[in-house]
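Given as structure tokens, the chain that follows is alone and in the form predicted on its own.
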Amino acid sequence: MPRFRIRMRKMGRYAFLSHLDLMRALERAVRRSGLRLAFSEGFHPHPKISFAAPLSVGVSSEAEVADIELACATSADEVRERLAAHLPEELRVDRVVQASADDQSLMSRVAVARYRISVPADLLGNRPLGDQIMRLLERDSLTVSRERKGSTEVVDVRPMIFELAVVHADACHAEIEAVLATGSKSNLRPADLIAALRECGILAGEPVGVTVHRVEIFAEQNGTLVPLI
């Protein structure tokens, strides 16, 4: 059965879809398009749809990557055209390729993701943001408290931050670009990075008005980071 890798976006109001709702939206679009989904075997068969790295509610993205397996022969171009007719612009499918039979699962391939974080100026204090981030990157450790299964654990997230830089700043807001570990081996959510920035004093107060957008998601291939699609 053919498997197709899809790159889509999650913008505007659709950024507030949960991961489960996004999967349902894609499943409905596939059904309405007339394409036949393949299903797993067993007592509770489910459609063969898998996403690379789920996002938290409220995070927009131009790099949502999913695999779908179909029970019919078709082409990547036809899949993209059919889905385009049944998805809104803010959930647009930008690219579809046919995955080879020996391709690894998406979650096992994901290594890092690039995010753009917009921070209102009133959360930044008086010290230059760029200087504070440079000092943060010079640190050997950066801890953050995480709630996990009813308990609190302290995690050193510094090894999970590959890049962190100010890419824009004006009187209203600053934009920070972050490349963070993502996937099954090591994973740093943007919310945990924001919490770490608060704990070390770079951000002041509750992160009201902070927005997060995923720009790209990468796999590691022969020592080089390459987009999943």
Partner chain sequence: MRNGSTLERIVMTEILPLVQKPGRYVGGEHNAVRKSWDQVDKRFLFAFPDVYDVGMSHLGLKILYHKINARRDALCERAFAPWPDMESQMRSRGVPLYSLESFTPAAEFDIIGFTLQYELNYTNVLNMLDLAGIPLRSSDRDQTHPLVIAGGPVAYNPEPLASFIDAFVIGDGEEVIDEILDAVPALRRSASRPESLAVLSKISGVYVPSFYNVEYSGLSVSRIDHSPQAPGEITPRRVADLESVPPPDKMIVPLIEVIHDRAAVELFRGCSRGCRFCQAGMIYRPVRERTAETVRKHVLEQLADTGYDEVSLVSLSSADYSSIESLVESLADDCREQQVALSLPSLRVDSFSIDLADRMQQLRKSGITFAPEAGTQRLRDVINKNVTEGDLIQAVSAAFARGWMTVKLYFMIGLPFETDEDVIGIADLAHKVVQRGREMARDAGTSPGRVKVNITLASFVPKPHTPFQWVKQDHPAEFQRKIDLLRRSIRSKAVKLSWNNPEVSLLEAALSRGDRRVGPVIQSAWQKGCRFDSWDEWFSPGKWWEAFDESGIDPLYIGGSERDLDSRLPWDHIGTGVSKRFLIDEYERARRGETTPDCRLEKCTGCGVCPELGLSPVLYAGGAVDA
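Remember, predicted model here, so these are calculated numbers, not experimental data. Positions refer to the first chain, counted from 1.
Keep in mind that the form predicted together with its partner chain is not shown, yet the notes after this line are about it.
**Request:** Determine which one of 36 to 44, 194 to 202, 61 to 69, 159 to 167 lies within 4.5 Å of its partner chain in the predicted bound form, judging by heavy atom distances; exactly one does.
**Result:** In short, 36 to 44.
**Asked** For residue 27, is any heavy atom within 4.5 Å of its partner chain in the predicted bound form, or not?
**Response** Because a heavy atom of residue 27 falls inside 4.5 Å of its partner chain in the predicted bound form, the answer is yes.
**Message:** Taking its partner chain as it sits in the predicted bound form, is residue 21 in contact with it (heavy atom to heavy atom, 4.5 Å or less)?
**Reply:** Yes, contact at 4.5 Å.
**Prompt:** residue 219 near its partner chain in the predicted bound form, any heavy atom under 4.5 Å?
**Reply:** Residue 219: no, not in contact with its partner chain in the predicted bound form.
**Contact test in the predicted bound form: residue 57 vs its partner chain, heavy atoms, 4.5 Å** = Yes.
**Request:** Select from 190 to 227 the residues with a non-hydrogen atom within 4.5 Å of its partner chain in the predicted bound form and write them out in sequence order.
**Result:** Stretch hits, in order: 208, 209.
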